[in-house]
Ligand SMILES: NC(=O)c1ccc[n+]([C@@H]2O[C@H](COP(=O)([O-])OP(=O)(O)OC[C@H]3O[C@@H](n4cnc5c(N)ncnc54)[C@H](OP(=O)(O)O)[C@@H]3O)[C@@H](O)[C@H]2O)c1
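Shown next as structure tokens: one chain only, the form predicted alone.
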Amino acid sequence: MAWGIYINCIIMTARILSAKPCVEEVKLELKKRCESLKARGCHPAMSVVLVGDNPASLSYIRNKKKLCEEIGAKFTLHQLLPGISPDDFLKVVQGLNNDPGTHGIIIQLPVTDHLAVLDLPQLVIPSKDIDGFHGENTRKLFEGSTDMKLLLPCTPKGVVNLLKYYGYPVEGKNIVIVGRSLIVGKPLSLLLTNLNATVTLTHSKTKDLKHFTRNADIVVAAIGKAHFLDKTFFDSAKKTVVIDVGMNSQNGKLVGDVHTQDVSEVVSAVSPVPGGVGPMTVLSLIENLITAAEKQIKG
């Protein structure tokens, strides 16, 4: 048995791309930027609008609150009743839009079905849209911007910054994204293209998906299926770097779209779940908050 364990340790050679060291490093910079703003009379403040008490949403919000307060910014949760009318919901968001003491606003998804008819990504004004979903912010990706200090969608921004932190350039690389969501896959494909990567955006209907992943330098898994990608999706000769965006519940545990233990035998690096893209997404959100506050105090 001991020999078998030893063999497994030798085989599993992939580098684990944990977010923790990157978060700790950037957090120090954000603290300094926050203190500079406060010295100028601007205390960066985030407001989160939550409808109901979804446990997963509350967990995500706690992570946002923790990091927000760690850098010295304010955090306020506006928890609304599930039956709130669309008009009253709009009044809450509009009030925050008009509040000069609020610099960043998040509408925590999902909302109740009767509110889903609203054009949620457009409700928060662009200057306070720290999720990066408003059309005026996403349009800059379509226009070819490479400015990482824009209010970019947080998960794509986090993916790029995680790769950068660990020294994996994207320029000239063949990158395959598995998943075409409006939150991750599509904006990430634009951002990486702007950064001069050659991007293939694949999805559940892609024929011979393994052909694409086995020829990629970098694979980003964002398809929302637990352990969907195993070692058969990769060619060990390519030394692929794998970024796992997936957050799935399996047997009461949080797991990614990638079977990390399995692929570790054939890829050069993989981000863990939890502890990888999730914290980078929250970090990007706080970066956007500070950037939004800096722009508002100038404006």
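Start at 1 with the first residue shown and count on from there. Remember, it's a predicted structure, so these values are computed and weren't measured experimentally.
The discussion below concerns the form predicted together with the ligand, not included here.
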Contact residue in the predicted complex, from Leu163, Ile130, Val184, Ala216 (heavy atom within 4.5 Å of the ligand): Val184
Out of Phe228, Phe89, Phe212, Phe75, which one falls within 4.5 Å of the ligand in the predicted complex, going by heavy atoms? Phe228
Val178 versus the ligand, in the predicted complex: is there a non-hydrogen atom within 4.5 Å? yes
Should Lys205 be classed as touching the ligand in the predicted complex when contacts are defined as heavy atoms within 4.5 Å? yes
How about Leu289 - does it come within 4.5 Å of the ligand in the predicted complex, if we only consider non-hydrogen atoms? no
Taking any heavy atom pair closer than or equal to 4.5 Å as contact, tell me whether Leu188 reaches the ligand in the predicted complex. no
Only one of 32 to 40, 47 to 55, 64 to 72, 244 to 252 gets a heavy atom within 4.5 Å of the ligand in the predicted complex; which is it? 244 to 252
Who in 93 to 131 is close to the ligand in the predicted complex, meaning a heavy atom within 4.5 Å? none
